[in-house]
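Take a look at this single chain, the form predicted on its own, given in structure tokens.
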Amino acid sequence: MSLGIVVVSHVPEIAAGVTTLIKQVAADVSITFAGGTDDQEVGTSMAKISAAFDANDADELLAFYDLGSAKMNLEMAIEMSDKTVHLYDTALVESAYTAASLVQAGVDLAAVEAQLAPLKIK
């Protein structure tokens, strides 16, 4: 079972930027993102999140988001996905970076989650 990362932000450039950052420490980890609404406005889109899930090569996903309303769209996308998705209420940049570097190093999910626990902010 492989682990992948999904980054969700209200702003496409933030989602893309966080993804660029974490790929620096996790070149072998499947990382996808969803940013903005379907109309390219500030917000989130369940369809874009679902597409990010589908585009991710991993079987099991760790999902990170920026603001509370993104969580609702993430939860709906998770219900419709065939993949196992873990949703974290943590600081977006720090937790996505931490998780990606640990997954790259081959650390198991339980150990990744132990490192993410102190980053819970929502």
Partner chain sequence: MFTAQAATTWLTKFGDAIATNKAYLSDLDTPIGDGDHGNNMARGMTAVQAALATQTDADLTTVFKTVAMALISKVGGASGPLYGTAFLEMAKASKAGTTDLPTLLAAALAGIEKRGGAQAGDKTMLDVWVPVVAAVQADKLDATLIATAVDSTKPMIAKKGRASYLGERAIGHLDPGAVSSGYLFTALLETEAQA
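Positions refer to the first chain, counted from 1. All of these numbers come straight from a predicted model, not from anything done at the bench.
The same protein also exists as the form predicted together with the partner chain; that form is not shown, yet it is the one meant from here on.
- Comment: the partner chain is not present in this chain, but in the predicted bound form one of 87, 93, 51, 76 has a heavy atom within 4.5 Å of it, namely 76.
- With the partner omitted from this view, the residue of 28, 57, 38, 82 that lies near the partner chain in the predicted bound form is 38 [heavy atom within 4.5 Å].
- When the partner chain is considered in the predicted bound form, residue 10 lines it closely, a heavy atom lying within 4.5 Å.
- Contacts to the partner chain in the predicted bound form (heavy atom within 4.5 Å) from stretch 39 to 74: 39, 41, 43, 44, 46, 67, 69, 72, 73.
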